[in-house]
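In structure tokens, one chain follows: the form predicted on its own.
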Amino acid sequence: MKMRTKLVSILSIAVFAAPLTSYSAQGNAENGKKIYDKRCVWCHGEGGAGDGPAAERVNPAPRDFTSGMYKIKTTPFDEVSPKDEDIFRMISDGMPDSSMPPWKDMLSEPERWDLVAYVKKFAGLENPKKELDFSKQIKTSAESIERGKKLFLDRCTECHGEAGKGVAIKKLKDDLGFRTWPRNFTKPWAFRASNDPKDIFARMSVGIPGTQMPSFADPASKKKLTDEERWDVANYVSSLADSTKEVKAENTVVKASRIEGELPSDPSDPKWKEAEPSSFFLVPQIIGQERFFTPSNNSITSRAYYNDKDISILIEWDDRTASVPGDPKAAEIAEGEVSPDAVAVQFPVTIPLEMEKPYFGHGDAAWPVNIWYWNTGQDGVAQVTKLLNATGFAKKDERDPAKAGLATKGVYDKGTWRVVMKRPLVTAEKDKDIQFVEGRFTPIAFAAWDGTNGEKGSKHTMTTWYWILLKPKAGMSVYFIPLLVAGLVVGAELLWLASARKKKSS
């Protein structure tokens, strides 16, 4: 019986594993070309050189298949060819934080293997003779993470920064001349593969071919690490994930909590750690001129408090560079002229009574918007606060922020900007300013500028409309009303039972 069970298990594994081997070995390159010409040519080009018609609009640049250089692979650093499974994985899952989408929902498994067979032909790739050895994996533990942290601080901070956010201290470019940014380890959902220690171990062992990311398994490298050391670093890097920055589709509301006393106005105030975070994706501004296609920042997080007089909103976003015009270090890293880093929050002047909201691109004539704006200033000390009203991209009126009571303050620390914007709930100019109301869902949108990435004016990242809610403070009614309703329901049931018994007895 045991022998039979074991045989069934072996056969089951063989059945499930067979398609992987079969398709990878027998992918139909001719059919793969048909799929490629329909789906892939627009970015990767007819000849596979990464020069399709959309190539100049995407960041990072599409892969040049003719070079045979595959960045995400599980073959050793001295093995040029990736495994077929590596290419299949990238086609199936796509590459997060890039324009390469996952194709597993649009193409069948055989079709994806056909693509593997075809794209390999661009560089004449042969099957690899070696693959990575994952057999010595060290399980994640507090001890392993601590060992990995020490190694990380010694080997990796030059590019990835002390906090692992990819803070840039030098301008990095790949072998083809394209700008590259070190990975931000606190955002694992943006990894090209994943933040599973096994994937991180692979990147450390192989490096990322064509970039400055070296192999830490290369005996010729001064930074070489043993297998065990690489597993420790992988466990540490995996532990850096910050769940507060994760964008969740169901979370569309910035929830402002009501507190007594003074609201925090400093970004470093420890009170902010107690506020509930809400994170949203930033996308390039491609609606109005001048359009923007190559962002460096991809998400933003907000928290908020209010009391009986004011509202205070904290905005946080990771930025690998603190952009200050005139700073020689910023100039070394920048793409062209350095502009100030900046952030803005947008509200409708009038809270909609129904679901209709102003056009999220600076409103329109029927629905004007309020814009609160902050930037680093020209010297990083005299920060700038602006208050604007807009009825369209080209129709903005600047007003005195002090008159409306708007104050801002920003702090940059280890790759993250934190900016607080504070204003009274109600202002004197009710026809020009948003008037906050407790318990009302109010539309809110964000925009951000990375000054060393050529972002200024209309060239920036932004969100669509979300909501901010000033949560009412729980009073006795929160407990009394449900009890009252429950009592009425129970009373009604008792009356119904009494009536039913009376009818039955008569």
Ligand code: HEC
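Numbering starts at 1 and follows the sequence shown. Given the structure is predicted, the values throughout are model-derived calculations rather than measurements.
A second form of this protein, the form predicted in complex with ligand HEC, is not displayed here; the remarks below concern that form.
- Contact between C40 and ligand HEC in the predicted complex is found at the 4.5 Å heavy atom cutoff.
- In the predicted complex, ligand HEC sits within 4.5 Å of a heavy atom of V119.
- Of the heavy atoms in G454, none are within 4.5 Å of ligand HEC in the predicted complex.
- Ligand HEC in the predicted complex is approached by I72, whose closest heavy atom lies within 4.5 angstroms of it.
- Taken together, the three residues V324, T385 and M421 all stay farther than 4.5 Å from ligand HEC in the predicted complex, as judged by their closest heavy atom.
- For ligand HEC in the predicted complex, the listed stretch (342 to 350, 173 to 181, 257 to 265, 396 to 404) containing residues with heavy atoms inside 4.5 Å is 173 to 181.
- Contact with ligand HEC in the predicted complex, judged by any heavy atom within 4.5 Å, is made by just one of M204, V338, A390, I434: M204.
- Of the listed positions (I91, I313, A330, A168), a single one reaches within 4.5 angstroms of ligand HEC by any non-hydrogen atom in the predicted complex, namely I91.
- Along 182 to 212, these residues reach a heavy atom to within 4.5 Å of ligand HEC in the predicted complex: P182, R183, F185, F191, R192, A193, S194, I200, R203, M204, I208, T211, Q212.
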